[in-house]
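Same chain, two versions here, written out as structure tokens and called structure 1 and structure 2.
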Structure 1
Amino acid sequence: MSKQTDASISVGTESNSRPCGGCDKVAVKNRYADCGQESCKAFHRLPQSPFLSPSSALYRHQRSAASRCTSTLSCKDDRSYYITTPIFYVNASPHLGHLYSAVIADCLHRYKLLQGFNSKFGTGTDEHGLKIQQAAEAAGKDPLNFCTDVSERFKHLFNSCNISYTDYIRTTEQRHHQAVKHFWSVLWNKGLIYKGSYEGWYSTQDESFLTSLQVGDALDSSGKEIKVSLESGHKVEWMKEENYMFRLSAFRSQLLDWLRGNPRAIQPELFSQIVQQVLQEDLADLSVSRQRSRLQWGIPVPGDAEQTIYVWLDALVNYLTVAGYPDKHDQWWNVAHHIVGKDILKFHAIYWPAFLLGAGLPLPQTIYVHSHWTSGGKKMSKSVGNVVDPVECSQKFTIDGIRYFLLRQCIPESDSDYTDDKVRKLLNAELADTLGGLLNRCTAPALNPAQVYPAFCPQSFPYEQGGRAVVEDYHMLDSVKNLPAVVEQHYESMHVYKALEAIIACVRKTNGFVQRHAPWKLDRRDSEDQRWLDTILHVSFECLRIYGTLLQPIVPGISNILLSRLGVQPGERSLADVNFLPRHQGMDCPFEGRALGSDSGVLFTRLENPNLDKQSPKKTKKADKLK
């Protein structure tokens, strides 16, 4: 570091305040507290918002791109996709909220693979900073051993929950140190980092700088008066030290232009609006280092061994490290998408793009933001003592069960409260009864003694209405035919719960179709009845094949059981293979007449409530009896 500018500046904390037009509180730049007025929206208390449908032009573009190239390898190579989760702090074991972010990213990664993309998926752990240094000290452990221990717990959780990451990064790795130092030097050489002095509030728990207006009074557990972050409730301390500052203030209008020009860059749109609101005000420059005497556990500033790089700058660069920065990152960096919780929106939607703009690198294509899982109405956190253990959950409800629940229940725009009872009810209703019931009914040996994918009879179910099919059956076919496009649209906008809603609605319609025609009442000695029975089963199998294919990103285990039972081979499960019910349009069906796969038992076993000693025995369904 040769040309160091030693322009000492003080970063004021109050100078950015302005009265909120609609209330008597004061709103400031970077102030995320909510006064309840529309003009003063908060990062931490987000109103619910109706679903904002994706821009249809972009959607059409993506759809047509997807349909253009699903078959050739060279084409696949052109279609890269890179998805990341936040890298998680190792100060405590993972909880359900961490698993949730990983499951969303895993779902999008698997969905892109099904589309034929070459997809990279990065996750890992954030291991530097004061918070980790203090946690290791409190545990009486060497920091690296401490980090390794907790990092392994995250890795183990993700492996056991089928999180199919392609890169697990730890910020203590050499490759990451090199990337961070390189990134710092680029910013330094462009004159975007200067030596200054910072005075203000700092939350170690959030590793975040706060203005006075983002801070309030509270009492700690011993009744002592303390200052806390209004956003997170975590304790803050006054700090004053010499360190390096990043010229964040220079990027405000570029950030606004980026968001205005790319309305889908931050999704759901609600969060983009919140960021744009914050950017209406001036941005203060950002302290990007700490004195080494206070923070040893981190990457030293290149050329100044007395300073340690701010943990957020260090952590954000992980996304580049995984992409191959600084040597060969273009393939992945041009197609980067981040999944983040709303608690870290400021870091990803303001600091990170500003760093990238400064370094002359492309901005992420999308920042998908989700809200929080709460427990007892409060955000899960170790300090509150209300965390839900994801390992325990996956043991109680199965891995696919908990994946399904998380993705089906949580709406990105609003928080969701977790209870075991909700999980049981949802999984019993949708996975055990609705989906499992349909598969069970249709594959029952009593209806299908030959255990084959039965033949479709066009006279029984003609293309134009007639035969033995009724108008509702044609409506059902239309819904299932449209389902892949509907589901793709929801996956693209991270509204996975909407994709699941649409799938389960179709499963119910197929159950209705079977129920309506009661194939178990048909006389198999009558050839016309037999043909109609086979047709009912063929149509139901085709529906199940579509559901199994579309559910793979969410419940890979269950989808595999379902598709294997139908005799659908691994090479026949991509989105390019869906081609629903070709026999109805007079085309060949590759599955017709094929032997079914072996019966590996129920798709999803109903979950009992352990709190109810004697549960009234559930009536055995007619379909179960048929087996």
Structure 2
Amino acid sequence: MSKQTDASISVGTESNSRPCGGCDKVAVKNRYADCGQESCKAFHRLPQSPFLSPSSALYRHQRSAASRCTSTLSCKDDRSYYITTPIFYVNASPHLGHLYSAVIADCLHRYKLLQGFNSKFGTGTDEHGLKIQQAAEAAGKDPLNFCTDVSERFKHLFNSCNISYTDYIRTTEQRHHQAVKHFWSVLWNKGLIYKGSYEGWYSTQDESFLTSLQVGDALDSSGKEIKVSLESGHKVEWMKEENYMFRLSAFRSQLLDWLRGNPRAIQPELFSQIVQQVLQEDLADLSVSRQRSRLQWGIPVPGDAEQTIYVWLDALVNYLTVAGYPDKHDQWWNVAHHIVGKDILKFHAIYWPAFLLGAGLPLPQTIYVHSHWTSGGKKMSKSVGNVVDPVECSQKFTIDGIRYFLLRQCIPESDSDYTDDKVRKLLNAELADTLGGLLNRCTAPALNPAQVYPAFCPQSFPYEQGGRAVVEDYHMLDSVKNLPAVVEQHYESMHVYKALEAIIACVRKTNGFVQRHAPWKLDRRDSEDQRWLDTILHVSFECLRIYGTLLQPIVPGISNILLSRLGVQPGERSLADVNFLPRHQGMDCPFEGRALGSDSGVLFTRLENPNLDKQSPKKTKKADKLK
């Protein structure tokens, strides 16, 4: 694999002394003089263009980002948002990690809609590559039919789990082929793709080219020595063929500048540090095609029927395809955000930004990275038999239940572990008991026989401390009032689990508030007690309204039941409608006196452990014998 210098490539100035086109050395007279280095000689054989410079490409990206803020009175006036999952490879059925990526993106998409944004949400399937070609052959199917079957499984999973995507892209679609060919042509015309020879390691399983430092020794199942990827553990093979190369080596310093100048470009920060560490070393140019004789299932290189475009270049362009590339992408591409797993960080944080800089396009605003799921403390594997079926999970624990667990349990920086018992305990504790218990208790006819949103009494709970409220009650109000801002902060850094921690902590405080004042012990015949009882319920309803609103992106079904029970109409559920406890500040409350919605039963039914149910008869028999 050939290498280029990492230095910025300058297009020259009007002076007689100009940098060489391939490095920082000064050349004289000519617009692109040759400093004599081999890398620069290769550079001068390219068709030249003022867009060839990676540094100028980064400048255009920065200028584009700035224009997003200056084109209107405020950046906040730009109310478009574009979120994507990775498109999922169709060599096998979807697993829990695929659903997790989709649920995170769906959560952020729904949250932006609550904020009043015009949000686009793209997901879909990656259907080209040698791995697909081989899998289809093994299944005895035509590649397209094979891809369609598996792609439909992903679509079924997402639809059944309430994933509200706005565009489901398949890389076998004609619109995508056109976008990829156009993107390739842009890079080719700018001299960033050249015909070369690649010799090195290749992982078919990962569809990834590897250096010698990324490869190690291992034994296969038969005890034979093989070479494997140190990152994934998958087998690699030595490959030598003539194909097309992308000048990735020319973009290293610009990628570093981008990340240093945009510390939130990759979230969480841990993954940004990992990428910057990789970029401390030279980057080799990247092979971006395969010989057609080896790989037929893919998009042909424009103008060369003997070559197929590398599957990762093909797949990454899907984000542009969904945005409307090459003609109508500006609205969405300027506000792009990606959700990716840590195993594909290199492709999204190094290859993809370099491709975009080369094509003169803005870089994604944020790349959100998450870690993996294990099962019972072990990596999921068919051979081990611990692969978790997400469809089965959603049926066993409900759609909202599995969504809540995935978002509540997973910490993006580290792998998370799945067991049925963990799901059951978490959902019973937080959805059934803590949140569901609060709603059921406060809406019960025994406490609220009129079934209305009760009145608030400012004398019982004055703005300043006094009345019948205590110090802990005011602390609770402060926590709930600040909750929307806390949740937003955690969403922006993809720490959804922290947002849920904050919400459930407030729910517990509200339960404590109700328990502390025990409204069921108050005497309704006493007018002062009745006013205090109504105030307790009013405050509790207001807290529940906030919780229901903020939980909509995570558990849309449960949130709908909760808000409907409180009598909150669909048009009153955005973040602009939050306005917590206005009566406490001397303002009117639009819900006060309104009839509650119908009682549809418990908010979340407690989940029983089937294993305990099976064991209980055995215990009974043993007890009978002891008698």
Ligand code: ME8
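All residue numbers here refer to structure 1's sequence, counted from 1. The term rigid core refers to the maximal set of C-alpha atoms that superpose within 1.5 Å between the two forms. Being a predicted model, the structure only gives us computed values, none of them experimental.
Enquirer: Could you point me to the form predicted in complex with the named molecule, 1 or 2?
Expert: If we ask which form is the one predicted in complex with the named molecule, the answer is structure 1.
Enquirer: After the core is matched up, is the C-alpha of Gly376 off by 2 Å or more between structure 1 and structure 2?
Expert: Gly376 C-alpha, core-superposed: shift of 2 Å or more.
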